[in-house]
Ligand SMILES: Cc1cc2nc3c(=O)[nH]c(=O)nc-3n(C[C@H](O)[C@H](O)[C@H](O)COP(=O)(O)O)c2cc1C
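The chain below stands alone and is given as structure tokens, in the form predicted alone.
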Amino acid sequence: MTDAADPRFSDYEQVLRTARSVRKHLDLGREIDPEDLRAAIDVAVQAPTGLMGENWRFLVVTEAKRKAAIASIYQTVLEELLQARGMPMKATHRALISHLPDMPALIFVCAIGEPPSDQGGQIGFYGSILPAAWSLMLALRGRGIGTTWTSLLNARADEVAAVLALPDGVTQTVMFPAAYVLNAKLKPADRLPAANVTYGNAWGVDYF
């Protein structure tokens, strides 16, 4: 099994393997350099697109009042979701809620337009924006900026739109709380290997 110690292991694979959600060990007192954000977004817009083309837009929120409003909405949505599912709140989620108003930046990945009603159309719509969001998360990781992939705010999209002055016809997708990593040890997660999750030619038939 290949690991990070293997000399054949490339730098980009190391970034991919260690792109964890980072909710703790963040430098909340350090502003994010706009040039780091510019460079990361320049990477993100190189992502592949579908029929929607380059419909992505990135909204970086640094104002304390707007961040506090977003954090309040996020906490409400998370608490309601966990209560509905009868699940306790994890320590990592508590950490994110407590840190959210103080995050140096909240980065929203939006799409111009709205998803169609059919499943195929929805896959094409989100397939034109989510690769850019993933590329952004990786590019930020490569620059020492920790993020968390969050989509809970879409449950209160109208409230979020009001806070951010989003116009009609703009779809919210992912929000990244972002801060420079501070003494965090990011490592590969404990995941099932490819042989356990890959089939060949027909469902349930081993490929590897």
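None of the values given here were measured: they were computed from a predicted structure. From 1 onward, residues are counted along the sequence shown.
What follows is about the form predicted in complex with the named molecule, which we do not show.
Engineer: Partner absent here, but in the predicted bound form, which of 41 to 49, 65 to 73, 142 to 150, 24 to 32 has residues with a heavy atom within 4.5 Å of the named molecule?
Structural biologist: So the stretch in question is 142 to 150.
Engineer: Within 4.5 Å of the named molecule in the predicted bound form, do we find a heavy atom from each of R85, R156 and V160?
Structural biologist: Checked in the predicted bound form: no contact with the named molecule for any of the three.
Engineer: Does any heavy atom of K185 come within 4.5 Å of a heavy atom of the named molecule in the predicted bound form?
Structural biologist: Although the named molecule is absent here, K185 would stay clear of it in the predicted bound form, with no heavy atoms inside 4.5 Å.
Engineer: Please check if I129 has a heavy atom lying within 4.5 Å of any heavy atom of the named molecule in the predicted bound form.
Structural biologist: Taking the distances in the predicted bound form, the answer for I129 is no, it never comes within 4.5 Å of the named molecule.
Engineer: Is L96 a contact residue for the named molecule in the predicted bound form, using a 4.5 Å heavy atom cut-off?
Structural biologist: Yes, L96 sits close enough to the named molecule in the predicted bound form that at least one of its heavy atoms falls within 4.5 Å.
Engineer: When the contact criterion is heavy atoms within 4.5 Å, does A195 count as touching the named molecule in the predicted bound form?
Structural biologist: No, A195 is distant from the partner.
Engineer: Pull the contact list for 170 to 206: residues with a heavy atom within 4.5 Å of the named molecule in the predicted bound form, in sequence order.
Structural biologist: The stretch 170 to 206, when checked against the named molecule in the predicted bound form, contributes A189, R191 at the 4.5 Å heavy-atom cut-off.
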